[in-house]
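Take a look at this single chain, the form predicted alone, given in structure tokens.
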Amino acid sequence: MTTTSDTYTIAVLGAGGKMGMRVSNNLARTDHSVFYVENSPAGQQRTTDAGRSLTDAATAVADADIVVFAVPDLALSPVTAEIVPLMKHGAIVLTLDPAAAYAGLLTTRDGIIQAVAHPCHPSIFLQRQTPEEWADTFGGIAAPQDAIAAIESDDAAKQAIVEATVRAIYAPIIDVHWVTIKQLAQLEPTLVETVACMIGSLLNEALDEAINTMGVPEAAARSILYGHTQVALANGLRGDNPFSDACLIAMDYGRESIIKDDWKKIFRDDELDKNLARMLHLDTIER
């Protein structure tokens, strides 16, 4: 685990939004010099209610070492077009999702470095110690988590700025894992949204069927699903215990009934492009 005591000048755009508030709450607890930018009246109100002062964008980014774009993916193209020309040479653009960066939608400029960072969220296998850690399923409050980061630079000093910022905005952080922007896009959305989040939603649909179609008492259905989901993940991801022979037969039936034979195509580059184009409301990804 790498840590740093260096402090930097950080500007947060969208500081009063859903993710912007999370980012800002954590940065406010650090020794970094932070400027908060928010355009919407509701976001401005949330920022000032939190005791933070607002700064206009041009002033905030002028001397910032790194600018955190806590704005929706669909807004990143026009927002970076406005902000990147105002940033100082050598500054870093940090987006919180890889889609727009991978798709080439961000405004670029010589001397401005692109970086992306995304939280892993607290692991299902995390050894939680306190009620606050148990309650923090998203991360960034009490439960430790890892983060994934990518930067288009081999400058160790710039990477240090990104890591310090990532450790601050997603705190408490255990490790920061470094990948390429494309690899981060392969992880988010393909691995975790297209697969893991979809399966989570499917579990909820199955629970609804058990309760409302099959007529199983809700408490019983939830109890057996919650417990078996933990066993399924522990056995499937870590091999904690072998599945029983009968369970393996049922699993095969489930795979045959639910999963398409060619499902792994989602990991191909052309399918990644198709997925991200849908997410970004584009006809195609052109890079």
Ligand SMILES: NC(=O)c1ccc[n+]([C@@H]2O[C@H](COP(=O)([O-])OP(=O)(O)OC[C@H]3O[C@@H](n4cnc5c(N)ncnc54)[C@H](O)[C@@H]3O)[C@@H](O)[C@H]2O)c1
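Just so you know, these numbers come straight off a predicted model, no measurement behind them. Numbering starts at 1 and runs along the sequence shown.
Another form, the form predicted together with the named molecule, is not on view; read the next lines as being about it.
Taking the named molecule as it sits in the predicted complex, is residue 18 in contact with it (heavy atom to heavy atom, 4.5 Å or less)? Yes, contact at 4.5 Å.
Quick one: does residue 70 come within 4.5 Å of the named molecule in the predicted complex, counting heavy atoms only? Flag for residue 70 set to yes.
Do residue 59 and the named molecule share at least one heavy atom pair within 4.5 Å in the predicted complex? So residue 59 does not count as contacting the named molecule.
Under a 4.5 Å heavy atom criterion, is residue 40 part of the interface with the named molecule in the predicted complex? Although the named molecule is absent here, residue 40 would touch it in the predicted complex, with heavy atoms inside 4.5 Å.
In the predicted complex, which of 209-217, 171-179, 149-157, 89-97 comes within 4.5 Å of the named molecule (heavy atoms)? The contacting stretch is 89-97.
At 4.5 angstroms, heavy atoms only, are 126, 134 and 189 all close to the named molecule in the predicted complex? No, the candidate spot makes no contact with the named molecule.
Just to be sure I understand the contacts: of 103, 166, 79, 115, which is the one whose heavy atoms reach within 4.5 angstroms of the named molecule in the predicted complex? For this set of options, the contacting one is 79.
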